[in-house]
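Following this are structure 1 and structure 2, which are two forms of one protein chain, each written alone as structure tokens.
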Structure 1
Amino acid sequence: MAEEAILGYLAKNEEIADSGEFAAKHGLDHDDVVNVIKSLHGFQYVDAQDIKRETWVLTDEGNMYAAAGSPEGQLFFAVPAEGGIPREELQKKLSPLVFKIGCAQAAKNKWVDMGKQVSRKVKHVEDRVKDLLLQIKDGQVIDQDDIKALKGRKLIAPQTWNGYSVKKGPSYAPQRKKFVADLTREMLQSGDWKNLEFKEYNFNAKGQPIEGGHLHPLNKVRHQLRMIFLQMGFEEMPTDRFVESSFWNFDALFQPQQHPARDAHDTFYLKAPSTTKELPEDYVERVKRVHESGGYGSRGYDYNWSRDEANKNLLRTHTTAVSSRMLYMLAQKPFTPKRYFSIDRVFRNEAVDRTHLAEFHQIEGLICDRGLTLGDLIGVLHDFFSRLGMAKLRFKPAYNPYTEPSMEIFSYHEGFGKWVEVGNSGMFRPEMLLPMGLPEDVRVIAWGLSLERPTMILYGINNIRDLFGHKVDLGLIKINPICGLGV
């Protein structure tokens, strides 16, 4: 409607001098008129020149006084024409702000006598402030001195009015032409394209914004942990072997074959391929011997070790299976101290609930060197966890089949106000290390923790299924903040 009015008016007239006056005269919304002018100007139907005018508008306080009267006017009319009124009673009739301003302005204007008994000094007054505010509201022009006075009382504020003056443009037409955006096969076959006007290509137009990828909170925390290990001089172990044999996952760690963790209800075993065919035979024989009859100062477990059980393939239940492979490879060369770490996925046949999944990520670190002690392990743990922002640590004796001594690691959580278990640690047993071929004076200290627990604490997530798995809200992936471990 606005477009028809503008183009139709210019067909009979040279110019629209003021878009505001044009909108008022034709009963149109000025914002609609401005938008149409911008569009027509873009297609060169019209030439438009900016018009800017400084106007004054009432503030919220000004609007209030335009309706109810100025504070001095309200106070004056609240005073009886004859006699007077106690100041306390007058104060009750008016709001605190109106009473405060009204007293000052009415006394200044010499309208009332402000004492304990307030009385009028004049019979009639003209509420000039209210009249001026109404004039401004109606768009009338008032004297500059009055503007200055009202502005000083913060009853009016300046406002810039934007409009246009409009003339015919180079492509003016009484009606906008419809441009064709696409050249079709039918247009070419029929020849209709010859009589059509096509929309020009805008080579400067921006395309649709590309949707970028977003890092998962687990990946952010994992990256930070990886940087911490690298800063401490650790070397990352290859962890791309999700399918592992029972031998490397359990037997090489001196974990007996009748251990409950090896049951099908705790571990995922593969149907195909169900067994492995590649194991170092001489090492297998030494592992079998230490399980059955002991050695290296150990009595062993005194049972008939089964090669068939060791050959079974499974989804690894911990990344320590990777550590056992790396230590075995290290033992086949002249000994060199090493610091290894890994962060990757492991699998356990557990019931899924708010804190457990059948797959999760394990963080593991180990140091292999001569003469290491439990004190070295505790010192390294303090160094490592302090970099995660966990300065207060406690340790509790624990049991693991392949570490002795073993310790659970607790950190004091300021937010929870209590000690929280954050990991497990220990020194690998001689029954695990010496069959590999490592020197007798070599010790290995190690520790591990899950990646999910610190991530959930850091990001305030209470249910692990909201962090990992098919129920994750993609919005969380897009808006989660940067990781601030140790900050």
Structure 2
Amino acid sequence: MAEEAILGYLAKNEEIADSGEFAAKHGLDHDDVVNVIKSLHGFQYVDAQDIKRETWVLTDEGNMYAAAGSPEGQLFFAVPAEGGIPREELQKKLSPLVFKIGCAQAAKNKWVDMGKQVSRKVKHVEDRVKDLLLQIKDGQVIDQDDIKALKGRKLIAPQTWNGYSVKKGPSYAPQRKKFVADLTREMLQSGDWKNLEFKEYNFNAKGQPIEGGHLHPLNKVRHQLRMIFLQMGFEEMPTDRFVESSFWNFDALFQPQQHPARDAHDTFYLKAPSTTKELPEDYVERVKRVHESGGYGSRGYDYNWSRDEANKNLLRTHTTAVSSRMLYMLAQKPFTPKRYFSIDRVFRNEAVDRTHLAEFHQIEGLICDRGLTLGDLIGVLHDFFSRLGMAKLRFKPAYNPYTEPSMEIFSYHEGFGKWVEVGNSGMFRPEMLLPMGLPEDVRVIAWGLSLERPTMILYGINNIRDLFGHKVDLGLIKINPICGLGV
């Protein structure tokens, strides 16, 4: 109604000078008119300028007196025209407030005599206060002195009146176009969409969160690494055996039985099943000999090798336990070169902290072929690590019981501004390979690293327990980006 009136009026007239007057003239509620103006202004149909006016409104008390008369008037009319009335009786006729104010004002106006007996002093009075109040209520302008008096008696209060003056806006139209929030099936069927304006989308607001499934970040990285290995022509080793014998985990790797890594401080041994029941006996014999007295060009470690120690079951401390089984199996057939990899869980009986857990994932790659060199190892490491975004590598001599030479791999981390260790590598010792039965000119180059460390660096995670295990926040799993390794 109001919208039609305003737009219609502006079609013929230049301006609505005062929305208040406009509302009164058209019999509209001013509040409705204001709301429509605001909305039309928002869509630039009209240009609205604020108008402010100070007006007076009656207070609650003022309203009361406008209806019932001023207290002094009420008091006057309560006094009989002839004779008088005892004060106590008069008091009973009026409310305490009216009586109190009435007494004071009537006396001041010299309308009544205030004693024990109250009587009129004049015959007629005019209740001017009531008249003034009625005039204000009616919106009439009254004398400033009267305003002051009424304000003094807290019968009126100032109020700011807000209205607008309105002109046509840049998008003025005699009728407002309809905006719709979304396209519906009905609009398509009826063809209404042609006449509709679509509400402009607020691109600053967030879109609706997407419900869906999510993969774990560690497994995302793991998958990319599997892809990298496959692209490099590596075959995945079956690593689904967490329980392993000390033999395959240590002895087969020429790791002496007193080696600190075999300590209960570092390795989880098993109470059940405590020992392994089956090992390839002739191979065990060759391993025993190479530990005790060497052979294959080696001095050996010169100690008494214990079968019981080799039979002890443990949770594998590295996936190299699987590599040793794979290489042994490879040696039982006519030789073919192999490239193997695995990424799986390993276990260490270590104290747990921000970067260490009792279980983590090891990434391992190895190449088994005739005539491999340290140069080949360095070459394949450059290929592998550059796919992980680590183009700058250097190598430090290191010690590992089953590789010789051994090289720690360092990569220059631009963010940290320094060289950081990213993995270990080496050539498996002949004392490991030859007892398996591999030909003498076959060499194996291998490298390993943890899955957790690169993942933590990639996703900016500082505490390993925020990445892996039951304390991980599900919310974080859901916001991890895709893993771009190898992409």
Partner chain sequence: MPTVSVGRDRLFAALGKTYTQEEFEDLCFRFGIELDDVTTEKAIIRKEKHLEEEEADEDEEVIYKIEVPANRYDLLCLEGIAQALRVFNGKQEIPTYKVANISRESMIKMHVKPETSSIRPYVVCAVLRGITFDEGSYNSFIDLQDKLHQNICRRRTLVAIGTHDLDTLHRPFTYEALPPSNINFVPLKQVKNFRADELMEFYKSDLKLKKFLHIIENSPVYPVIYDHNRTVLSLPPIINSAHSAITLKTKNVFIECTATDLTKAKIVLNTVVTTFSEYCERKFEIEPVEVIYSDGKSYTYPELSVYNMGVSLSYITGAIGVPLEAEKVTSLLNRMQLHAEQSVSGDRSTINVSVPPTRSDVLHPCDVMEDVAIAYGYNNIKDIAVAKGYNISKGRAVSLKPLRLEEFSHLIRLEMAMCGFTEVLSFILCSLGDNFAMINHEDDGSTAVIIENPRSSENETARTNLMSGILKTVGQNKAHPKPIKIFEVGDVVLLDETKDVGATNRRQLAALYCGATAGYEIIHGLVERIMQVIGLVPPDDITTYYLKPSNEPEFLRGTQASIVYKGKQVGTSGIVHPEVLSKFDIPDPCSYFELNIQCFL
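Start at 1 and count along the sequence of structure 1; that gives the residue numbers used here. Whichever C-alpha set is largest while still superposing within 1.5 Å between the two forms counts as the rigid core. Quick caveat: nothing in here was measured; it's all calculated off a predicted structure.
Structure that is the form predicted in complex with its partner chain (1 or 2):
Structure 2 is the matching one, since it is the form predicted in complex with its partner chain.
Would you tell me if residue 81 moves between structures 1 and 2 by 2 Å or more at its C-alpha, with the rigid core held superposed?
Yes.
Could you tell me whether the Cα atom of residue 304 shifts by at least 2 Å between structures 1 and 2 after core superposition?
Stays below the 2 Å threshold, so no.
Roughly speaking in whole degrees, what is the angle the smaller rigid part turns by between structures 1 and 2?
So the smaller part swings through 100 degrees relative to the larger one.
Upon rigid core superposition, what is the positional shift of the Cα of residue 212 between structures 1 and 2, expressed in Å to one decimal?
Residue 212 is displaced by 4.3 Å at its C-alpha.
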